[in-house]
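In C-alpha cells, the next block holds one chain alone, the form predicted alone.
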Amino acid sequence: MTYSAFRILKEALTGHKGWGPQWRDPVPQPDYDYVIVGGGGHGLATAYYLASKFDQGRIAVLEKRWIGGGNVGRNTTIIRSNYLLDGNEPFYEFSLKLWEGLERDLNYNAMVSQRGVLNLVHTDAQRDSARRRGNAMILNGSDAELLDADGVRAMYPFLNFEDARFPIKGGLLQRRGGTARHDAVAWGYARGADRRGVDIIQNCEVTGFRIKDGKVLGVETSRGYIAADKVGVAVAGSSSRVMETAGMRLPIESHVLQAFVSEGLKPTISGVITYGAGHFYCSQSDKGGLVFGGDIDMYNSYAQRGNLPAVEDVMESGISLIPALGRVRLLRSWGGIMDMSMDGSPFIDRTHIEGLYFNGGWCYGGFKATPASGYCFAHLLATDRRHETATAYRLDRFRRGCMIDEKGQGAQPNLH
C-alpha cells in the first residue's frame, strides 16, 4: 500500500475500510544474514537502508517490547546539524540532508518541519563561540546566521531580554533545523523496512550472544536462538547491559533524560529555542503543547522515569527564559535512557568479535542522528568499511587519544 492524497480521499469515501497493518508480525526464522538488535529509530533505519540502499536481504530487527516504546518515542523531536568539530558536523549535516528527503523516500508523513533552531547567547564570550561554531557549520556545507538582540526580539518578543543576570545578546540560528514527529519516524522506517522484506520481530528480547573462536554465530532470545552472519547492536541506553553479555565493557553510562509537554496553547513558538544560560530547549507541537527538556538526571539508571530535582531545575531554567511559562500547566512528562559516552559523542564501529558491530553512545543527539546513524551503520555492516562521515566514531578512540569533546568540558558523562 502506498500513501497519497488520492488514497486518503478514497478511504474517506469508503469508510476507511481499506487500511491494513503498516508492517507484518512475522515468526522468527532460524537464521538470517543480518540481525539488528534494537527496534528503535537507529535499528529500524539500519535495516531499512541495508535493504533499500545496499540491496541486502534476509534481515531481522529484534525488539524486546514494541516498536516506538523506547527513546525514539521519548524525546523532544529536535533535528539540527549545528555542531562545531570535524568529527561531528559532517555527520549531522548528512543526517539533516537525509531528513529533508525522508518523507518522499519512505512515502510516509514523518511531519518533518524545518522551522529553525535558535541557540541564544548571553555574553560576549558566548557570541564569539557562536560565531566560531557558525563558521564551522558553513565550512561544512550547512547554514548558520548570527543574530543580534534585535534580531532575536523580532522572532520571539516574549523572551526575558532585560534580566540583569542573563540578558539576551543575540543567537545562532540554523533555519534548516526544526522538528519531526518521533513516533511517525519509527513507524515510517518500520513500514519501509517491512515493505523490503525485513522481519520486524517485537516482544523478542536478546539475552545473550553465541560466540565461538572469536566470531559471533547468533543471538539467544526470549523466543529461542537465532543464527546470523552479522549482528548489529543499536539499543541506546541498554547498550552496556546488552554488550556485557558478549563480554564487553563499554565507555558508556546510562542516565535518565526527562522531557515535558504543556497544555495546548495558541501558536506561540514558531521554531526551537535553546537557552544559553542553562540547559533548556523548547518548541511547540502541532497540537499546541510546548515540548521542552533540560539536563539528564545525574545518577545512573536504566529506568524510564526521573526525579523531582531535575524537574525543578528544568522549570527554573524555562521560567528564567520565558516568564510566561509560570502561567502554563504541565500536562505530562516522560523519561528516556541516555547512553552517555565519556566525551559526549557516539560510536559506530566493529567490535573485537568478528561479525559483531555496535552503534551507541548518542547522549542527547540520538533522535536527530537517526537517518545518518542508520545509513552509516548499514554501510558498515554491508561493506565492513566506515562511512566517510562516521570515520571518527571508533570504539578505541579513548585509547588512541582521539576524543571528540564537542562541549569541551571533559571526559565525564554528566558534564555533557
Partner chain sequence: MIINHPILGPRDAQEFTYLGDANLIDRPDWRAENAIKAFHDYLHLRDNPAGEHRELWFHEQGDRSWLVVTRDTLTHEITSVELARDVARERGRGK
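Small disclaimer: the values here were computed from a predicted structure and weren't measured. Residue numbers count along the first chain shown, from 1.
As for the form predicted together with its partner chain, it is not shown, yet the points below apply to it.
- Just one of V121, M137, M342, L325 comes within 4.5 Å of its partner chain in the predicted complex, counting any heavy atom, and that one is M342.
- The contact residue chosen from R241, R329, K212, R132 relative to its partner chain in the predicted complex is R241, the criterion being a non-hydrogen atom within 4.5 angstroms.
- Interface residue remark: D194 is not counted as part of the site for its partner chain in the predicted complex, having no heavy atom within 4.5 Å.
- Although the partner is absent here, M403 is a contact residue: one of its heavy atoms lies within 4.5 angstroms of its partner chain in the predicted complex.
- In the predicted complex, P157 stays away from its partner chain, with no heavy atom inside 4.5 Å.
- The shortest heavy atom separation between M298 and its partner chain in the predicted complex is within 4.5 Å.
- The candidate stretches are 270-278, 254-262, 159-167, 178-186, and the one lying within 4.5 Å of its partner chain in the predicted complex by heavy atoms is 254-262.
- Heavy atoms closer than or equal to 4.5 Å to its partner chain in the predicted complex belong, across 308-342, to the residues P309, E312, M342, ordered by sequence position.
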